[in-house]
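In the form predicted alone, a lone chain appears below as structure tokens.
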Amino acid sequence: MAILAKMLPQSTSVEKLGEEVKRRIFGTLKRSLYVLRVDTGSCNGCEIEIFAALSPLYDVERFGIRLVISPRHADALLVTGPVTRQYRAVLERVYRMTPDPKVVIAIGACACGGGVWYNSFAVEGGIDQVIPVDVYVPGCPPHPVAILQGILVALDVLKQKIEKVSYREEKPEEEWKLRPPLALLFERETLVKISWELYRDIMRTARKYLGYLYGVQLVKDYFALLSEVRTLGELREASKKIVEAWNRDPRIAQVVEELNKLVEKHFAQKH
């Protein structure tokens, strides 16, 4: 996990802050920092502050910060707004197209945690619900100086990514071949408690799509189903019964599919 540098106080002048940003940019990259602005459903408040940072009053381009229009040219993604359900796939594709090493900066309260739409059916939540975030810049909207400070912090993260050395310790083959996947969760005779992380993710996903009342009801049905299956294949087949019990509602089918993916992802990480 990257260690973020200490942010400068708000009282710091733009000139002093900008010179520090410029020094770190050219010290790390030997060229300008290329930034791509990504709007995933913003109200346009954060965009106004970003454009203000580009205006003659602040003119952050003189410090070596350049906006680009293609993710293939970007070093950093400046993301605003909560992630709408329609934009999720686009944001994931933009993230994959951006070459490594890269940093993601969440600008504004909505990008940091979903803002006032954090539990809305129409949004996925904050940016970190879809792609990894390296730096959070809170505010509704954040001041241009705060955005410049966020870029300054992101430069330290980018430097660590450029200079990082990775080590991987291979697990003994016997550790993950002892028992079938769901045996870690369900024994032959008795139900084993699932991990708190999986329970939390299942409950959070169901509530996000269906609300508290119907979300909890669906989770109860889903947990009852989990106690009856032995493998991931059986889980997918048996989950169809839930959709049928809810009158084959397409929304329920979508939520059940998301819950199945959570369980599969959980056991994929375990092995």
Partner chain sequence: MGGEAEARKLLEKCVERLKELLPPDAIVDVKVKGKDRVYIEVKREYLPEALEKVYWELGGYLSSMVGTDDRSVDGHYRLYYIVSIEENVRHIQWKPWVVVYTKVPWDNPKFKSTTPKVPAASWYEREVKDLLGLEPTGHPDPRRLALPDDWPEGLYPMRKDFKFYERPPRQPKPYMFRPEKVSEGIVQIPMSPIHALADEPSQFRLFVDGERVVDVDYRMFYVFRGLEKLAEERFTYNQTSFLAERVCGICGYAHSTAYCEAVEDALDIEVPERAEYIRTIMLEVERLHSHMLNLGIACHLTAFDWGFMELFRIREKIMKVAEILSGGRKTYGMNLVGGVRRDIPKDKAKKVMELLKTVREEFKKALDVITSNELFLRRCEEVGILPKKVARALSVVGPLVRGSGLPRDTRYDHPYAAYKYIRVKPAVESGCDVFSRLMVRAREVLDALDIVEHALDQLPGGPILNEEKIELVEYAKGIGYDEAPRGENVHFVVIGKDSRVHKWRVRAATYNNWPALPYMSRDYTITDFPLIVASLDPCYSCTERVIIVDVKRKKTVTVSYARLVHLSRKVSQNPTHTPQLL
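Values in this document were obtained by computation on a predicted structure and should not be read as measured data. Residue numbers count along the first chain shown, from 1.
Beyond what is shown, the protein has a form predicted in complex with its partner chain; the following relates to that form.
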Since exactly one of 236, 230, 66, 37 fits, which has a heavy atom within 4.5 Å of its partner chain in the model of the complex? 37
Quick one: does residue 224 come within 4.5 Å of its partner chain in the model of the complex, counting heavy atoms only? no
Heavy atoms within 4.5 Å of its partner chain in the model of the complex: does residue 102 have any? no
Heavy atom to heavy atom, is residue 131 within 4.5 Å of its partner chain in the model of the complex? no
Hey, in the model of the complex, is residue 73 touching its partner chain, heavy atoms inside 4.5 Å? no
Go through 209-223 residue by residue and record those having a heavy atom within 4.5 Å of its partner chain in the model of the complex; state none if no residue qualifies. 209, 210, 211, 212, 213, 214
Taking the shown form as reference, are the C-alpha positions of residue 94 and residue 202 brought closer or pushed farther apart in the model of the complex, with a change of 3 Å or more? farther
